[in-house]
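Shown next as structure tokens: one chain only, the form predicted on its own.
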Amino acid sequence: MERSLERAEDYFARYREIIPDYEGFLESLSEPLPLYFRLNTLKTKDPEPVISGLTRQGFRVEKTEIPWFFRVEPREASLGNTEEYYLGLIYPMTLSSSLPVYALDPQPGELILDLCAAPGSKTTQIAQWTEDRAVIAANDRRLDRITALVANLRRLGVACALTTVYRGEMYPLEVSFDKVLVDAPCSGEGRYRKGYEGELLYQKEGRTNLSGIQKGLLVRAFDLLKPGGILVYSTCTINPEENEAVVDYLLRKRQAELLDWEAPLPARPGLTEWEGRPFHPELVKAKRFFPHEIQAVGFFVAKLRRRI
């Protein structure tokens, strides 16, 4: 477990004005994140044998508001050692991690790029959503992460995905895609927790200029779209500099338009101003998901279309 000398209250104080029910948010940080899994409908569409199997192993399983997603107690337990996991019947992932694919709305027959794909939660969700009938290029810049991605594709029985190993900002422009997903590397603030002494847990270290990396990824992803193509940008952080500021940068550089989309979880609109800096007014169509309002990792999701 990553520990920090910084107190959670001090760290999040800069977000007091943009986090709804701020005191409730701080209080929620003391609780472990809920545990969820996605039923892999490429292997089974009947959840009952899976639920029964997990129940026999001491888990309590209940449905969520999102189809094929289930909440599990005890939340501190691991699903990775269960038979259901090894058989590829389940994929442990937080509920909100499904949201970027909801926004992407992949369809059978489409050519789709998952630019930052490893370890494969969203690639396999796209395959499941399209019943393994899209063509998915699952990319990651690190070969060791591709190994984990390939293992998950095999475990879940995904046949419609191929893997590529490129720096996302330099992905070759030879092929244009119907849809591109950028689930960008980020500071991960949406999953931070508070320890017994108030210290910040799970704080990432050693990453600099994240917004610069994110802007590079988003612009290249846009350039890889066909005219009229759909681009989804997501992070699991609260920081506007990694969210609205990145999308605002694209809107000023390219002929992109933000689209509204129907989310299956409670959402707040994107920001149009942060610390005195105005953002494009269309950013209200982006969606913020706060951890204490959805009982999952906090997320930011923006859906865009290439105009020409």
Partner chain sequence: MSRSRQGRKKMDPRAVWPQPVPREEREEVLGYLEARFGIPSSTFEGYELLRTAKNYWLFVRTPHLADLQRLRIQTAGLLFLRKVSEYLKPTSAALQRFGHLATRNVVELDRLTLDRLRLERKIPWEGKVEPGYVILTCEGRIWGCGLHLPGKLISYLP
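On a predicted model such as this, the values are computed, not experimentally measured, just so you know. Residue numbers count along the first chain shown, from 1.
In what follows, reference is made to the form predicted together with the partner chain, a form of this protein that is not presented.
Residue heavy atoms within 4.5 Å of the partner chain in the predicted bound form occur in exactly one stretch of 48 to 56, 272 to 280, 259 to 267, 62 to 70, and that stretch is 48 to 56. Judged against the partner chain in the predicted bound form with a 4.5 angstroms heavy atom cut-off, the residues Leu225, Glu241 and Ala245 are out of contact without exception. The closest heavy atom approach of Glu83 to the partner chain in the predicted bound form falls within 4.5 Å. Using a 4.5 angstroms limit between non-hydrogen atoms, Tyr91 is distant from the partner chain in the predicted bound form. For Leu26, no non-hydrogen atom is located within 4.5 Å of the partner chain in the predicted bound form, even though that partner is not displayed. For the chain shown alone, Trp129 is not a contact residue for the partner chain in the predicted bound form, no non-hydrogen atom being within 4.5 angstroms.
This chain is drawn without the partner chain; in the predicted bound form, the residue among Arg155, Arg193, Lys179, Arg220 with a heavy atom within 4.5 Å of it is Arg155. Ala134 is the sole member of Ile230, Ala103, Ala134, Ile213 with a non-hydrogen atom lying within 4.5 angstroms of the partner chain in the predicted bound form. Scanning 165 to 179 for heavy atoms within 4.5 Å of the partner chain in the predicted bound form gives Val165, Tyr166, Tyr171, Pro172, Glu174, Val175 in sequence order.
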